[in-house]
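One chain is shown next in structure tokens, namely the form predicted on its own.
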């Protein structure tokens, strides 16, 4: 029986398990990854793996939190405060969509929602490791251009979240509910360009 707990035991082989699980999940996805494959990749016994993570979904969410943090760090590296919004926002939007529309990103979303009530602290960790970092970094960028007079925004955190949601229009619902195929680059570009245009029409400083 799975214990209803969000606390994860750590020990000397914890990092070994995490490294093996990350390799398998990114290669095979959640459904395709077996506990046997993860234990083999991590070079540990199944008993050792289960001593850290009694449920594959909990292990996946732990990997998801680490991976979203890595994606958030990569996102931050792409934001150059010296470049104006019309240059930075399209790049930021595409980076956000690349992760959200990936097989891994879709699996993270579905499992985080499904397991959020049972393991709330893990859901919080996932949010803080990815979406919150993206929002904070984008808010910081927007604030810098408000200060320069290029944008007029009263609530930069709300504006940052609005931009992310604009980038998700049509594409995320279709990906979640209408099949496994991700939209092509032309469709992604169309949505991101529209999101940027709407965002700047609302918040851009008019001459």
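This one's a predicted model, so the numbers in the text were calculated from it and none came from an experiment. Numbering follows the first chain given and starts at 1. Whichever C-alpha set is largest while still superposing within 1.5 Å between the two forms counts as the rigid core.
What comes next is about the form predicted in complex with a further copy of the same chain, which does not appear here.
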Proximity of residue 85 to a further copy of the same chain in the model of the complex, heavy atoms at 4.5 Å:
no
Taking the shortest heavy atom distance, is residue 18 within 4.5 Å of a further copy of the same chain in the model of the complex?
no
Hey, in the model of the complex, does residue 123 get a heavy atom within 4.5 angstroms of a further copy of the same chain?
yes
With the cut-off set at 4.5 Å between non-hydrogen atoms, does residue 23 touch a further copy of the same chain in the model of the complex?
no
Of 140-148, 36-44, 53-61, 159-167, which is the one stretch near a further copy of the same chain in the model of the complex, taking non-hydrogen atoms within 4.5 angstroms as near?
159-167
Are there residues in 27-43 with a heavy atom within 4.5 Å of a further copy of the same chain in the model of the complex, and which are they, in order?
28, 32
Is there a C-alpha shift of 2 Å or more at residue 156 between this form and the one not shown once the rigid core is superposed?
no
Using a rigid core alignment, state whether the CA of residue 24 is displaced by 2 Å or more between this form and the one not shown.
yes
Look at the CA atoms of residue 95 and residue 31: state whether they lie closer or farther apart in the model of the complex than in this form, given a difference of 3 Å or more.
farther
